[in-house]
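The form predicted on its own is given below as one chain in structure tokens.
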Amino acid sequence: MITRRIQYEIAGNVVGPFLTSLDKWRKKLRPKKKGPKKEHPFGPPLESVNRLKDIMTRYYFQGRYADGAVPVAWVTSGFPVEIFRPLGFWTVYPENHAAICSVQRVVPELSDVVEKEGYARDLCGYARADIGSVMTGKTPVGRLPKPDLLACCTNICQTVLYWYRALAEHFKIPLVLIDTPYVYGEAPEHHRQYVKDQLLELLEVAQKITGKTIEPEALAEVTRKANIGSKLWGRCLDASKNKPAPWTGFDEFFHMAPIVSLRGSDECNDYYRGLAEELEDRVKRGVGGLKKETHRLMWDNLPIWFNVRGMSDLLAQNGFNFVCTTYTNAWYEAGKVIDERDPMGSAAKAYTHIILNEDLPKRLSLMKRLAREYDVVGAVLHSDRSCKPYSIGQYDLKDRLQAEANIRVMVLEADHADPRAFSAEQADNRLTAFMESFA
């Protein structure tokens, strides 16, 4: 235990920072390409990208040594993680890891393994990638620490319950479920109390695993930091209300990693404070995410992780920019509700009112508000084969948005993780036709 803890601390405080510095030096020493620079439609890159790489590289590198050194919990993205922080848990987000697998295009290989075991290809691509990674030990991040506890919340879908049950069976460890009733309008008091009671039960389990007792002051402090971090993330998103937007929606997808994985920490808040200042400085200087932003769009649903580069190039070359997305906005809407004065009660409310756990009128209202505040002329609704809860009702939303927000809307069929369920040619043709409709 002591040796493992020493390895864990050295990995996070010495080796991790050294590796990121070494990578920077390698890039500086790399011979620069000769000849004229290739023209591209994007504005200058964000300086915060390097800081983002540092944070996430260190997070995954130190995580390799977390099991045996500190308690480890694998949690879903919309889980009230604030409870785990004061008890010293290292948290792993399988969805975040699966997104990396998709960007690295290893999802088909991992999915093939689980599909041979009987899992259907129609299941969530994130679930197939992570179960495949667990079964094979293959991962682009080197190694994921073995969990002591699994914790899932049904506010994003019911699939996570079956996904985490499979993991619990594999690791032979406890699984805690936070069940959130679906919300029509506003969640009634007895629904919030139902969720709060489960959070109190979670607290007991977490304390039992760690052998520690959570101090109310410590929980309040983490809750305060999570609230601040969410508001800082919202401040970053708000920068795109300006014209031109200082970054793109594709940038947002990658820069949301800390608010998912490190929410409630000083490191997360310091990062977003710096990013917000950089974006606001770009706004003052008129520096855009695109060199020439002619049309502003909204994106709905998860990104197509494995094709972010191709899609961003196609849109940027034609001056189209996603200035807001319902996906990145979700971590602002929920986090700003949690309150240090009532950590459990406010968490029950915040994590119940997640976009995927709300009815279509609420989603339509949110999208109309975003369309108005960000002054978009169109929207692309990603009909995601892997994420049915996010995709259901999109054709109704399309009609209502066109009629009530007076914007043009298209539905794009794809998958957020698995390129086998995607045709780049068809997607490019559909997006090109959509852009030409604005001519």
Partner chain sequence: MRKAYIEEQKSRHGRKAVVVLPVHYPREILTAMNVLAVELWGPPGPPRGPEAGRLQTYVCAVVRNALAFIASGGADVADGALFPHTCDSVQGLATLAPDFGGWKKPAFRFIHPKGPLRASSRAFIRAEMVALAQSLATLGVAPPTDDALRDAIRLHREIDALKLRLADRRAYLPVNDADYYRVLRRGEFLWPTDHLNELRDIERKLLDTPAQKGIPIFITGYVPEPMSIFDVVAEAGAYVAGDDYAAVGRRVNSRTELDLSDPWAALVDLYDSASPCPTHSAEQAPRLAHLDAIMQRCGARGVIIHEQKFCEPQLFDVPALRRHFGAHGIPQLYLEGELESDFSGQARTRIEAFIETLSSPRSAA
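Because the structure is predicted, anything quoted here is derived from the model rather than measured. Numbering follows the first chain given and starts at 1.
In what follows, reference is made to the form predicted in complex with its partner chain, a form of this protein that is not presented.
Shown here without its partner, the chain carries Ala127, Cys157 and Arg165, all of which come within 4.5 Å of its partner chain in the predicted complex through at least one heavy atom.
With the partner omitted from this view, the residue of Ile209, Val337, Val113, Leu161 that lies near its partner chain in the predicted complex is Leu161 [heavy atom within 4.5 Å]. Proximity to its partner chain in the predicted complex, defined as a heavy atom within 4.5 Å, holds among Glu169, Glu217, Glu204, Asp266 only for Glu169. Here the chain stands by itself, but in the predicted complex one stretch of 105-113, 359-367, 249-257, 275-283, 359-367, has heavy atoms within 4.5 Å of its partner chain. Put simply, Arg385 is close to its partner chain in the predicted complex: some heavy atom of it is within 4.5 Å.
Although the partner is absent here, Gly345 is not a contact residue: none of its heavy atoms lies within 4.5 angstroms of its partner chain in the predicted complex. For the chain shown alone, Arg341 is not a contact residue for its partner chain in the predicted complex, no non-hydrogen atom being within 4.5 angstroms. The closest heavy atom approach of Leu177 to its partner chain in the predicted complex falls within 4.5 Å. Of the residues in 408-424, only Glu413 comes within 4.5 Å of its partner chain in the predicted complex through at least one heavy atom.
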